[in-house]
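Presented as structure tokens, the chain that follows is alone, the form predicted on its own.
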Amino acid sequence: MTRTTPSGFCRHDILSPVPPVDVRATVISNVRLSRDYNVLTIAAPEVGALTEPGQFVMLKTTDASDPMLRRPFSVFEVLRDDLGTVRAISILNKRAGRTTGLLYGLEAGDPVWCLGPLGLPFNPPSSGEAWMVAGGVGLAPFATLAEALVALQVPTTLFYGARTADELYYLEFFDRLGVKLVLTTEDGGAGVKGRVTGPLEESLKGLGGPNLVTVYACGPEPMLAAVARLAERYGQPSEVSMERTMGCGLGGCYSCVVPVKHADGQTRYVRSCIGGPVFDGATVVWE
């Protein structure tokens, strides 16, 4: 199977996402990148065919009540056969709790309950370049986004930060696409030593005017706040993918609300599972 997405993607301020589908999928492969990270590929073509960059799925490893709730994961890749037919999707998983631990331990042939695609996708840039900013597992939504941007012939850069060089994954994937890589590690093992916002700010300083790049970010919330503020300071639009805990993914439980400034000047709480997870970075009230 090849890793490709449709040649474009829809603006979610124009078109509403299609209704999600709920499938009992089967694990195709589980590539363990490290002791904590893995890429899980599942046969869910019904989901993949509908997925736009930035959307997510809710996954569960059993139909029993333990664990009771599914957990949200960005769609990492949409996988197609040589004829271009969608055959599978993948997720980038970090083992951190019960459900993520179960997903890490799955083997080919195991079942996975998959609901999706959910949420609002990224908007394509209206002009100029695209800069993606990923912190750790925040890389997850950027494989599909990068493919869509490259298909639209948008010059694309990935600012990618991790704790160590060993936690920088899929570099060859982005390099093959022609995405420029700017790497940072907290221990200095690869790229620039420090946080990913350092090279980002230096690059923003070098721009000659407003609205020359669209900045996309996913990662820990303090990083998202810093990226959104930097983009606004230097006159560039930003979109952030919020990593919020979700109980249902369908807007019923209100567990994932994000404070957002609206056009009337009022701040209201928006459910990130249906009003996001992608938000205009300038409208989020960073607490």
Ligand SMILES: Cc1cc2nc3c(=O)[nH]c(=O)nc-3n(C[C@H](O)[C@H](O)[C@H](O)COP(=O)(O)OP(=O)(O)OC[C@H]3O[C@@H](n4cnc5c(N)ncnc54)[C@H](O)[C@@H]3O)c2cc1C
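Numbers for residues come from their place in the sequence shown, where the first is 1. This is a predicted model, so every value here is computed, not measured.
Separately, the form predicted in complex with this ligand exists; it is not shown, and the next lines address it.
Taking non-hydrogen atoms only, Arg32 never approaches this ligand to within 4.5 angstroms in the predicted complex.
At a distance threshold of 4.5 angstroms between non-hydrogen atoms, Asn93 is in contact with this ligand in the predicted complex. At least one heavy atom of Gly97 is located within 4.5 Å of this ligand in the predicted complex. Although the partner is absent from this view, Thr245 contacts this ligand in the predicted complex, with a non-hydrogen atom inside 4.5 angstroms. None of 180-188, 72-80, 209-217, 144-152 except one has non-hydrogen atoms within 4.5 angstroms of this ligand in the predicted complex; the exception is 72-80. Shown without its partner, this chain lists Ile89, Val196, Ala140, Cys114 as candidates; in the predicted complex, only Ala140 has a non-hydrogen atom within 4.5 angstroms of this ligand.
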